[in-house]
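Coming up is one lone chain in structure tokens, specifically the form predicted alone.
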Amino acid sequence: MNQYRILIDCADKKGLVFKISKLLFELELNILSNHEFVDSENQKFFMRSVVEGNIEEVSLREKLLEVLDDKVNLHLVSPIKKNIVLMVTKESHCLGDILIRYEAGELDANIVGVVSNYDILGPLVQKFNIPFFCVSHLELSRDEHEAKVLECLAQFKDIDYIVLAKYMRILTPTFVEAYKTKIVNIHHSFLPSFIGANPYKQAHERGVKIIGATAHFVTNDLDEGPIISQDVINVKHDHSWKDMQRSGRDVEKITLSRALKLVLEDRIFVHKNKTVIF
């Protein structure tokens, strides 16, 4: 039997869950799981259902839109593996964690390539038989370098997501627009605290007692995109900022992998600059 993830967000009104469930029953579709949420402040309805049966995608879409009878965002997603590209600079902890999960069959995706502005991580990537591409930024302006990166990415067909696994360069609006809503980043602080460069040094100077990491979608506002996942650990007064950095790497890789799992399973709705996650 075919299986689909049905993602719906629309204006809230009475009877939506009943109408949708009734239609799915009439179409002889089995609901394997169902989650819904109403944002009462914005009068928005969100629903994620996993169904199976003999599904005709076009017919199902048309009938759902008839039932909802409203302006609605509707996505029917077949749970096939998505294609992702990893982008990195020099640090290996997030990249290595993702590659190990991928090798172990824990990552529901196809890693079609790894792109870096240095060649340092090439040997690590090649151990997993994944194509590695070095697009050096040296002696190039930011725009020139990004143009070459975009040219490199263009060779991959149907990229579902780009994962910035410690890619330590700020992306321009041109790049973000080219892969709008498709870029996931890990930031090494508990946002909105310590935005920008050297957040561990900022945290140390502030004397914080916890440090964290934040996985978020990338927008043109630096480190302010919709948040997917966050986590923290305790630090002590005798930690230097480099001690904090070393401790924080574990949080970074776990937070990014957790966020990536949510993304690949289509569990995230973005509304304005916030997320609803099932």
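One rule holds for the numbers: they count along the sequence shown, beginning at 1. Please read these numbers as outputs of a predicted model, since none were measured by experiment.
Absent from the display: the form predicted together with a further copy of the same chain. The rest refers to it.
- Heavy atoms within 4.5 Å of a further copy of the same chain in the model of the complex belong, among the stretches 178-186, 157-165, 134-142, 95-103, to residues of 95-103.
- Here the marked residues Val208, Asp231 and Thr275 all reach a further copy of the same chain in the model of the complex, each with a heavy atom within 4.5 angstroms.
- In the model of the complex, a further copy of the same chain lies within 4.5 Å of some heavy atom of Ser193.
- With a 4.5 Å cutoff on heavy atoms, Leu124 counts as touching a further copy of the same chain in the model of the complex.
- Not displayed here, a further copy of the same chain is approached by Ile254 to within 4.5 Å at the level of heavy atoms in the model of the complex.
- The shortest heavy atom separation between Asp69 and a further copy of the same chain in the model of the complex exceeds 4.5 Å.
- With contact defined as any non-hydrogen atom lying within 4.5 angstroms of a further copy of the same chain in the model of the complex, the contacting residues in 245-262 are Arg246, Arg249, Asp250, Lys253, Ile254, Arg258, Lys261, given in sequence order.
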